[in-house]
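The chain that follows stands alone, in the form predicted on its own, written as structure tokens.
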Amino acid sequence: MLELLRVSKQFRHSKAPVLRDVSFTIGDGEILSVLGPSGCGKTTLLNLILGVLEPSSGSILLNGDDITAVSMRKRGISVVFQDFALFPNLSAYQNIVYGLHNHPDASGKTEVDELIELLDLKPHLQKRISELSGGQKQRVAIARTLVLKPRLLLMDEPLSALDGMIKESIKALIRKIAQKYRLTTIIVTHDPEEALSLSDHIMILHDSKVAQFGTPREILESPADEFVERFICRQLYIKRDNIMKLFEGVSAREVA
């Protein structure tokens, strides 16, 4: 479980905080998507949780432990980047096990093989990164992260470089991983439809604050204010009256 308690961040030479009094709780195995316009603080929030940045005020708790002042290396949090950040000179398999050189006790061969099977990567293990499709690269990046058994998984625009059926397969895979490993997952995305169909909870940031935190159903049925309603509708390029047509998929996600 991850808890943020009134977390704020203001950079030294900035007149206003990037984030103000951000508070939320997400449980084990839940997926939270963070939405908001450019400059609203999404990346700053991710870096605060990861430990790249320290909050100006407030606390961050992971499974009951206060990690606010804990170094990034000791937090046990992993991140999957938008551009995959794979080593092009190594094979897919070498990329997957690369982190185990410094953490040899994190996963044994049986656990690595199980992940490879789960992510359907066995036919691609000896390929160079340049030989892989976008979806295959993303699965390698996810496998490389999961072999280290993170306490929390952060994903920065994990689907933005993908399209069509590949995107849908990775979405299904993210859900499967969160449920199978009870792995709390936070996804930063610019795509409301992606967030609505993938997440247990959605947090919308606006003007450095939380505009709304809720389930997809709550966001769709009861937007907190005019900004939330306009932001969701504008990003989806549809009218408010038609937005509930997307809700069939959201309901299926929440019941699953």
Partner chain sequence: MRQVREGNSAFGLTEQRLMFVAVAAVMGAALIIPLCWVFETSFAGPGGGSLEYWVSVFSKKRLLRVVGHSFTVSSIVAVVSTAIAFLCAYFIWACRFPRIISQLFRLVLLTAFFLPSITYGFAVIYSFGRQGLITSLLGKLPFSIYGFNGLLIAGTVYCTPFAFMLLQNAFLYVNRNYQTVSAMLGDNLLRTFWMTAFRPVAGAVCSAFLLTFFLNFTDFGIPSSIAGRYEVVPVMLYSYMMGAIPDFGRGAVVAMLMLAPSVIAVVLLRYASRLNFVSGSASASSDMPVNPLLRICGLAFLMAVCLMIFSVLAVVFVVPFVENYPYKMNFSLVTLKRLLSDESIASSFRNSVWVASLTVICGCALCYFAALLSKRSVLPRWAGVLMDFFAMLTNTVPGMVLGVGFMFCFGGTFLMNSFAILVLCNIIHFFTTPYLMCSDALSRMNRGYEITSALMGDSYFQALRRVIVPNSFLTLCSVASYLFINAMVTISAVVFLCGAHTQVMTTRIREMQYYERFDAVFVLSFLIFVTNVAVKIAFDLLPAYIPALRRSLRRRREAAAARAQ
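Positions refer to the first chain, counted from 1. Note that this is a predicted model, so its numbers are computed, not measured.
In what follows, reference is made to the form predicted in complex with its partner chain, a form of this protein that is not presented.
- Contact annotation: of the candidates L90, L162, L132, L125, the single residue with a non-hydrogen atom within 4.5 angstroms of its partner chain in the model of the complex is L90.
- The partner is absent here; in the model of the complex, the one residue of L86, M155, L115, I177 having a heavy atom within 4.5 Å of its partner chain is L86.
- For the three marked residues, M1, L4 and T25, no heavy atom of any sits within 4.5 Å of its partner chain in the model of the complex.
- In short, of 115-123, 93-101, 178-186, 164-172 it is 93-101 that has heavy atoms within 4.5 Å of its partner chain in the model of the complex.
- Its partner chain in the model of the complex is approached by N47, whose closest heavy atom lies within 4.5 angstroms of it.
- When contacts are judged by a 4.5 Å heavy atom cut-off, S107 does not count as touching its partner chain in the model of the complex.
- In the model of the complex, its partner chain lies within 4.5 Å of some heavy atom of V52.
- Interface membership of S78, defined by any non-hydrogen atom within 4.5 Å of its partner chain in the model of the complex, is confirmed.
- Residues R144, T145, L148 of 128-161 are found to place at least one heavy atom within 4.5 Å of its partner chain in the model of the complex.
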